[in-house]
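Below sits a lone chain in structure tokens, taken as the form predicted alone.
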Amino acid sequence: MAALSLRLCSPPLLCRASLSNGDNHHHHHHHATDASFIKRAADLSEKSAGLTSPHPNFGCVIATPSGKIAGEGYLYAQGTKPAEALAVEAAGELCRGSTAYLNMEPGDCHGDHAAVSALLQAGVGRVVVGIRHPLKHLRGSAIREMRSHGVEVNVLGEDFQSKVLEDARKCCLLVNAPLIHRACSRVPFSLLKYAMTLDGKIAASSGHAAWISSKLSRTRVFELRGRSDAVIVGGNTVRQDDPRLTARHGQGHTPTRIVMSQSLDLPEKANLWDVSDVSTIVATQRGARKSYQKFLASKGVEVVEFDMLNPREVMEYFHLRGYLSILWECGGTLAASAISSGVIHKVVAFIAPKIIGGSKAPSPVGELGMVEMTQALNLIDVCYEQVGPDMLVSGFLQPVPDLLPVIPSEDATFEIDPSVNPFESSIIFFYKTWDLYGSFSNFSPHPIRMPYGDDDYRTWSSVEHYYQANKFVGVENPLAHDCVEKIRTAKSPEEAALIGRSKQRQQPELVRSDWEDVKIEVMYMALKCKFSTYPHLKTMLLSTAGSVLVEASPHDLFWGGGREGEGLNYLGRLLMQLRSEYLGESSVSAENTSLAL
């Protein structure tokens, strides 16, 4: 049967006036071309979704004045070559005088302008940007930089408005919905997925649920998982279904599994307790079943306790951990709680042409406290698609935010609350590469050249690549050598970390015996090389003089600050030590200069 694809869209996210009647055919054609290439850039950018997480999606298309595609590229992951640089390499000499189409404004690490530089050096004459970067400290800076070099930069919807441009702009908002939500709220972008029968049941009265939807639909679910940072279920799903929650496509990204359970009334044997390939985190109420918590810890499962275990608290915590997108595959009770908490942004429902009946058979969403049909929640931008025998209905419960909320300036804040002193910057937090001080992260995209073996040097894509590989250096075992090589050639810092950590967990005999003694020194040497190699990073580090540097990972108790400040913050300590050494060198240098004078 031919696939049926219908689309029903409610009004656009923003209502903008259409172009005046005087707008001529040339303008319309120009806009249609821009819209078409921007949509292509958005589609391209989506290719990276789920390969390594978390990361924004960037795509770039370079088109010649005659309208032919000369080159294109997409960002594989944070810490890899920018989409713009890849597109420029592909286009070569054809870049000169061409137009570059970007689904989103480049978001280079502070002081590192690789994406913008690639476009400028290639001689691109015009740049069309789908949306400005949603993060406040990056918003507009790349656009200003390109304009300052004489490049014409158009941002969709800012110079002209039309239906065709608005549709293209919407594609750009949707492809980076997780990042936009991160910028505008304190919770990750959350998608609720379920499969149900035609009469609205997610299981039989007995609890049996395999399989409601078709194999084709289940393949789509694996794809959804592969594009998410984490998959979340409740305790009941673990007890009834014993899920694996893997992406099952054999390669690329597998999301973290999260279980929410207040009582920890969970089985001792469960597929989710096997963390050899992917980690599991159990979120529970503080003090719940301490002996069972110890059992989970012995299996390598991380347990996080909450004073109040509810979806909003849990999502705010995972937002702090840097998660951008969460897939909820839970039962009706937890789904209702998550919807009521306002943390679900999109719903994806697979409806199978089956009827199972049963007054006690569970439904996908439990009690929401609504008594009249007028209270029902309406989905926005609804899409219908046939997947095999099933119908896939999806839509948003909340629109994708279009702009950052207006944040008052320091002066305005001081007027509101004179006790806030904008000049007291005693602590500087950093964590993800998109943070203001994200370049301090060991995951930042700054290659380093370090000694390897007796008299050899090698280039490592990031500090994290070098650090993870060193766990296995010098071990007389071919498997250890293979591991070093796999880490060195990993396409992103996230992948390097995944390989290093899982090998260390699965085959501890491959890890060098002195690792615990030398790991701080290894990290320090790599950081020193990085900050010595890149002058703008050294300048940024020196600009923090007098401030405490804290690696704000809430879950890392060694390199990070820990959830409630209980971490050792060794990364922050090493950076402060390095800063102190640089400041000492500059003061000695200044002293010598004055003596010479």
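These figures come from a predicted structure and were not determined experimentally. In case it trips you up, residue 1 is the first one in the sequence shown, and so on.
Separately, the form predicted in complex with a small molecule exists; it is not shown, and the next lines address it.
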(request) Please pick, from 321, 181, 345, 193, the one residue with any non-hydrogen atom lying within 4.5 angstroms of the small molecule in the predicted complex. (result) 193
(message) Considering non-hydrogen atoms and a 4.5 Å limit, which listed residue (504, 246, 398, 117) is close to the small molecule in the predicted complex?
(response) 246
(request) Give a yes or no for residue 218: in the predicted complex, does one of its heavy atoms lie within 4.5 Å of a heavy atom belonging to the small molecule? (result) yes
(message) With the partner left out here, check for me: in the predicted complex, does some heavy atom of residue 381 sit within 4.5 Å of the small molecule?
(response) no
(request) Answer yes if any heavy atom of residue 442 is within 4.5 Å of a heavy atom of the small molecule in the predicted complex; otherwise answer no. (result) no
(message) Check residue 329 for me: does it contact the small molecule in the predicted complex (non-hydrogen atoms, 4.5 angstroms)?
(response) yes
(request) Select, from the options 468-476, 229-237, 141-149, 99-107, the stretch whose residues sit within 4.5 angstroms of the small molecule in the predicted complex by heavy atom distance. (result) 229-237
